[in-house]
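Below you'll find only one chain, the form predicted on its own, shown as structure tokens.
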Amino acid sequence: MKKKRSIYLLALLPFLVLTVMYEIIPLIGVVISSFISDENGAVTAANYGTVFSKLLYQKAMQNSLKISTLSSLAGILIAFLGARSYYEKRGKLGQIFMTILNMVSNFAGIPLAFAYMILLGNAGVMVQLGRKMGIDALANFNLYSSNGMTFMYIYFQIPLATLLLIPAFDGIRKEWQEAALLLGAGKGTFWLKVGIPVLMPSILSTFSVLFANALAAYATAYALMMNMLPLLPIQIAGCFVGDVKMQRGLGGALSVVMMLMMVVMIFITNTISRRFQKGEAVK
């Protein structure tokens, strides 16, 4: 047993080394730099004061939080319907669905931003079509806004959420559905009373992943908006690649704030998830 354990630990050693080198050490470096003044190199908390007092960074936090939350909620709702459809009807259609899902899940970043510019930009195809057909929702759609960004973020949230939710549906037993039907419950009642509560821990975990994915997204937002819409990833990048000088301390403080937002959201979803799991255990 001791030899086997030693072999397992040895196999995990490369992963541990990579984790320490590329995650732990950079994280410690970011936290330390957030307390270093960009002016004189002294230890200070002024960087955090700037983050929470300057209107630009306040708007960046608000916009990032709003877009991440809304896109995650919309993405997971649509993904739930897609994963449920795959669960109920597999076969050849299911294989085609998975192929398309894997393909579109890799379509993000700058190509996605350009695609949305062509379709929904100020002179986009769909906008021009909406003007000709008198569809105000399309004709007046503003891609270059927080709502437009949310709409674009939803696109790359859906495939990721669907891929994460599909395995969770294997935990729904067909015997439960048959028992519910025998007791007079319809499909809607089954999913509302049994299916969704069972899947809720997986749904909440997926929501955490989607929130982190949207909060840290940079390429798509920068390609579309550049500095027109304050977002945390864009402001962090600006601190390190600015035209005047680098602001390592301020960029570190913004990075820590963004990480704390992720940690708080993960803590909230994990707390709710544990309550659902305890409820199932009691039942």
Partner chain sequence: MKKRKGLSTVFIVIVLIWLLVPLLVSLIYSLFENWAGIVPKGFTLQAYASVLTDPQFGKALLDTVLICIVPILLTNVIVLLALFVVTAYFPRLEKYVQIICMVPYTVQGVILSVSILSLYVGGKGFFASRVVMLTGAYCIIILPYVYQGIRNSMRSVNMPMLLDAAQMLGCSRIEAFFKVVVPNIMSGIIVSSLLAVGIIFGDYVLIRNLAGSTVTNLQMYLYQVMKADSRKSSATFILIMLVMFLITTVVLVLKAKNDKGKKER
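Basically, rigid core = biggest C-alpha set you can superpose within 1.5 Å across the two forms. Numbering follows the first chain given and starts at 1. Note that the coordinates shown come from a computational prediction; the quantities given were computed from them, not determined experimentally.
We do not show the form predicted in complex with its partner chain, though everything after this point is about it.
State yes or no: in the predicted complex, is some non-hydrogen atom of residue 19 no more than 4.5 angstroms from a non-hydrogen atom of its partner chain?
It does: once its partner chain is placed as it appears in the predicted complex, residue 19 has a heavy atom within 4.5 Å of it.
Residue-level question: is residue 236 within 4.5 Å of its partner chain in the predicted complex, judged on heavy atoms?
Heavy-atom contact with its partner chain at 4.5 Å: present for residue 236.
Residue 170 near its partner chain in the predicted complex, any heavy atom under 4.5 Å?
The answer is no: residue 170 has no heavy atom within 4.5 Å of its partner chain.
Examine residue 26 and determine whether its closest non-hydrogen atom to its partner chain in the predicted complex is within 4.5 angstroms.
Flag for residue 26 set to yes.
Since the chain is shown here on its own, which stretch among 63-71, 36-44, 50-58, 218-226 would lie within 4.5 Å of its partner chain in the predicted complex, judged by heavy atoms?
Of the options, only 218-226 has residues within 4.5 Å of the partner.
Of 180, 200, 129, 194, which residue is found within 4.5 angstroms of its partner chain in the predicted complex when only non-hydrogen atoms are counted?
None of the others qualify; the residue that does is 129.
Just to make sure I understand: among 125-162, which residues lie within 4.5 Å of its partner chain in the predicted complex, judging by heavy atoms?
125, 126, 128, 129, 132, 133, 151, 154, 155, 158, 159, in sequence order.
On a core-based superposition, does residue 19 travel 2 Å or more at its Cα between this form and the one not shown?
After core superposition, the C-alpha of residue 19 moves 2 Å or more between this form and the one not shown.
Flag for residue 260, CA shift 2 Å or larger between this form and the one not shown after aligning core
It does not reach a 2 Å shift.
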